[in-house]
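Just one chain follows, in the form predicted on its own, and it is written as structure tokens.
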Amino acid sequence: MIQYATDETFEELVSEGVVLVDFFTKTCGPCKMLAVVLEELDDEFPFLNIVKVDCEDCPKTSDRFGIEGIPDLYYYKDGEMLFHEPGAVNGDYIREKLSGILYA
């Protein structure tokens, strides 16, 4: 499921299950390309939660993470951040990372 976070809802949205967090902006070209990949992943991984954080709409959360470049991906499991992937990465790479978390 793809959900959009606010500064107030972010912690709740990453607190349970496997969550892929995408920091983005609406005007970012690479972010738009990644959005297509995330929609595909949403269909492929039924137990994955995708949380999108618009850096312009969520300045407190973006500042807390020190977001300097976008897109910026964070992988969570049950509220614990496992790793971070700055920049645009391809879908196969993300699938491999998610498979390692979901099916470990």
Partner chain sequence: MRSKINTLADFHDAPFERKIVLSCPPEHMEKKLRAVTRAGKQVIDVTRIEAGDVVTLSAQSSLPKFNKPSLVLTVGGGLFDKAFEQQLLGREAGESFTAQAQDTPVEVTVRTVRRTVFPEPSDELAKKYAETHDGFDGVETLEQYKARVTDAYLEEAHREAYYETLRQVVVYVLSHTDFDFDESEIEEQYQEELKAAAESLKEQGIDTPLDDMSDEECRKRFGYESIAALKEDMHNGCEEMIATMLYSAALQGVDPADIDPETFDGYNFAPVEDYLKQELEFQEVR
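Residue numbers count along the first chain shown, from 1. Please read these numbers as outputs of a predicted model, since none were measured by experiment.
Absent from the display: the form predicted together with the partner chain. The rest refers to it.
Hey, with the partner chain in the predicted complex, do Asp7, Ser15 and Phe65 all fall inside the 4.5 Å heavy atom range?
Judged in the predicted complex, none of Asp7, Ser15 and Phe65 sits within 4.5 Å of the partner chain.
Using 4.5 Å between non-hydrogen atoms, is Leu82 touching the partner chain in the predicted complex?
Answer no; every heavy atom of Leu82 is more than 4.5 Å from the partner chain in the predicted complex.
Wondering, does Asp57 line up within 4.5 Å of the partner chain in the predicted complex on heavy atoms?
Heavy-atom contact with the partner chain at 4.5 Å: absent for Asp57.
Any of the heavy atoms of Phe45 lying within 4.5 Å of the partner chain in the predicted complex?
Yes, contact at 4.5 Å.
Counting only non-hydrogen atoms and a 4.5 angstroms cut-off, does Gly29 reach the partner chain in the predicted complex?
Result no; Gly29 lies far from the partner chain in the predicted complex.
Neighbours of the partner chain in the predicted complex among 90 to 104 [non-hydrogen atom within 4.5 angstroms]:
Going through 90 to 104 in order - heavy atoms within 4.5 Å of the partner chain in the predicted complex - the hits are Tyr93, Arg95, Lys97, Leu98, Ser99, Leu102, Tyr103, Ala104.
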